[in-house]
Ligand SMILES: Cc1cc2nc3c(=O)[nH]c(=O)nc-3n(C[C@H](O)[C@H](O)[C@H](O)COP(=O)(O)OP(=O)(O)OC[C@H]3O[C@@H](n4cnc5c(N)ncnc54)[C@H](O)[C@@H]3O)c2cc1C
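Let's start with one chain on its own, the form predicted on its own, as structure tokens.
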Amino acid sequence: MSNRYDAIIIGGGHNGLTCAFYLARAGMKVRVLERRDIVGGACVTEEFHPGFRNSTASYTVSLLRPKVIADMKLHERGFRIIERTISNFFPFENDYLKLGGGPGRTEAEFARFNKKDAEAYPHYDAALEKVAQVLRDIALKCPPNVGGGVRSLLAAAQQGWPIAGLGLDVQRDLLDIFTKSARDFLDGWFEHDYVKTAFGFDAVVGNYAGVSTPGSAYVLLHHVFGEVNGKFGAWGHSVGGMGAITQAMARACAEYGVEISLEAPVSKVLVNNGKATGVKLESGEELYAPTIAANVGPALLYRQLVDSSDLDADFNRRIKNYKTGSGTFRMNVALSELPDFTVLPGKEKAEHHTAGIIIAPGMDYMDQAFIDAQTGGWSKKPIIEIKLPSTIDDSLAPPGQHVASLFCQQFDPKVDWDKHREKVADLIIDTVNDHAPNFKSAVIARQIHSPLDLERKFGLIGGDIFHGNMGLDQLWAARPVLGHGDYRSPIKGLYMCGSGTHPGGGVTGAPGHNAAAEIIRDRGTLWKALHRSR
């Protein structure tokens, strides 16, 4: 391999691969550097116990942008999504609630608890969809670089103008979602706690917060702006696990000549006279390119890979205070049988086994989980989302057996997780067992990813699956820092293409797509300038 390229991508996660694809398609010579022995970053499928495979970090798909899927021809490269029969199943103390499943089903479920809530639901769904469409519309657009002159003002006006044209009711909902807690927002729509819980859960997924935390309503919205097979707000399973996505992306990159290097961790971004010139690997090897795009989070990039002397004092101060830590504890479990829930008995596969199974019985429960984590390091009764992908994808487990993804909240990233990880893993298993009494005895093996494990293995600082908190102060043009929300770093030639940029976390491909567009724009501008000077 050469040591000189047009562009080097740090990190072979889905956004890094997306960025590499677009750059290579534009004619650039591109190399991707991935620290692990498998491409895909946190979007991978791995065997965690003999015969048992699972999506070991990210675990479900909805937010991946249709344009990225189409441009990279992912469906032609083997990517396939199976939609959930119902979206979520909530076991409560003496009852349960199923969300989704077709026209009228959710209303019928809500009517069992509160008729007014059943009547309100279609209006709530329509209102949220209008707001979600705003996010879809700007997801593949570069935020304006505030303070960047006339061009940034025009970009801000262009992206803000459609919002101004929305009805006053939608503008009010948009303001509510960006400023209110999930509890306050949902209190304005529904009465029954179970119904509010069905939506409030989305506000704490990957969010170290309670449903009463101001700003948590936005995270609720972030989880509904996606789509599966053209159906807005739907979620599904990637056949072969989430790694099937990044493997298809890697094949798309290879078609355009992208070089992908595994076990090639970067130790430093090389900078000369305020311009990025290349990278130094942990092996000591140096690679050179006029364009470097970092698919790692801002905290990792600017605190570890970039020398602070190459950044100004104000930027250093702000990146030092950039908030990370999603409060997430992730487990993969091999099972001898399916969980048998007390409120809905049966170990034979049923539609609730194919859904997202949410252990979060009440709004107060979710708030208390956050309070516990703040005061004691972790939730005494954690919030747990269980996915059983082997119920619809038999390639993941031996016949008659299953794999489970356990995505758990709330866990303080600052805890000594080497000391407490096993004890907390036991607590999580026991919590599921409280609702499905056969679960603990069905566990054959488990893979534990505490916040510290997520940082060590996947480079997620503070175990933050979103590369940074998604509060109003770290969104859109302010993600990661106001003045650098346009994917350009303070160092010329160094770009950001990961989830620490707009539109944020999740498997979207949007940051990679958008960063590539800006790199290509800058490259074209430079070429024109050089051409004119001749």
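Quick caveat: nothing in here was measured; it's all calculated off a predicted structure. Note that residue numbering begins at 1 and tracks the sequence as displayed.
Quick note: we don't show the form predicted together with the ligand, though the next part is all about it.
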In the predicted complex, does Tyr59 come within 4.5 Å of the ligand, counting heavy atoms only? yes
Quick check on Ala515: any heavy atom within 4.5 Å of the ligand in the predicted complex? no
Heavy atom to heavy atom, is Arg36 within 4.5 Å of the ligand in the predicted complex? yes
So, in the predicted complex, is Phe407 in contact with the ligand at a 4.5 angstroms heavy atom limit? yes
Which among 481 to 489, 65 to 73, 23 to 31, 465 to 473 is in contact with the ligand in the predicted complex, heavy atoms within 4.5 angstroms? 465 to 473
To verify the annotation, which of these, Phe458, Trp417, Tyr302, Phe411, has a non-hydrogen atom within 4.5 Å of the ligand in the predicted complex? Phe458
Between Phe185, Tyr194, Phe439, Trp235, only one gets a heavy atom within 4.5 angstroms of the ligand in the predicted complex; which residue is that? Trp235
Using the arrangement in the predicted complex, list in sequence order the residues of 8 to 36 with any heavy atom within 4.5 angstroms of the ligand. Ile10, Gly11, Gly12, Gly13, His14, Asn15, Gly16, Leu33, Glu34, Arg35, Arg36
